[in-house]
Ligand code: HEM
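Listed next as structure tokens is one chain, alone, in the form predicted on its own.
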């Protein structure tokens, strides 16, 4: 193998390792949420709350719950800097035409906070996640 081939091979391996590491959950960052697995449990509880909430359950009646939970877990992990990459559609795309109001968005945020509280996530860490999700309001709310 020539020197150039060796260098190219080393760069490819380093790049693949970097990309793989960048997409692996960082349980140190996610520790207040119970790691990536705990974040998944919180998301599961959150989605159950959404489906039972009479104010907003209609938005979730036809949802693919398994996919929704997976996408939300990765999105939460991503916004927390936990090493995950959210691969779903943009919030604007997902919520277009659903006529979501501020009251609906707030009901969802309350359900998230209740799920975080039930999981004994410290208030400061609850606020961290909610603060990072709050800017999505402008892409979700239409009326």
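Numbering follows the first chain given and starts at 1. Quick caveat, the model's predicted, so the values are computed rather than measured.
From this point on, the text means the form predicted in complex with the ligand, which you will not see here.
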query	finding
Contact residue in the predicted complex, chosen from 98, 92, 44, 52 - any heavy atom within 4.5 Å of the ligand	98
Full three-residue contact with the ligand in the predicted complex, heavy atom 4.5 Å, for 75, 88 and 136	yes
Non-hydrogen atom contact residue 31 with the ligand in the predicted complex at 4.5 angstroms	no
4.5 Å heavy atom contact, residue 105 and the ligand in the predicted complex	yes
Proximity of residue 36 to the ligand in the predicted complex, heavy atoms at 4.5 Å	no
Proximity of residue 80 to the ligand in the predicted complex, heavy atoms at 4.5 Å	no
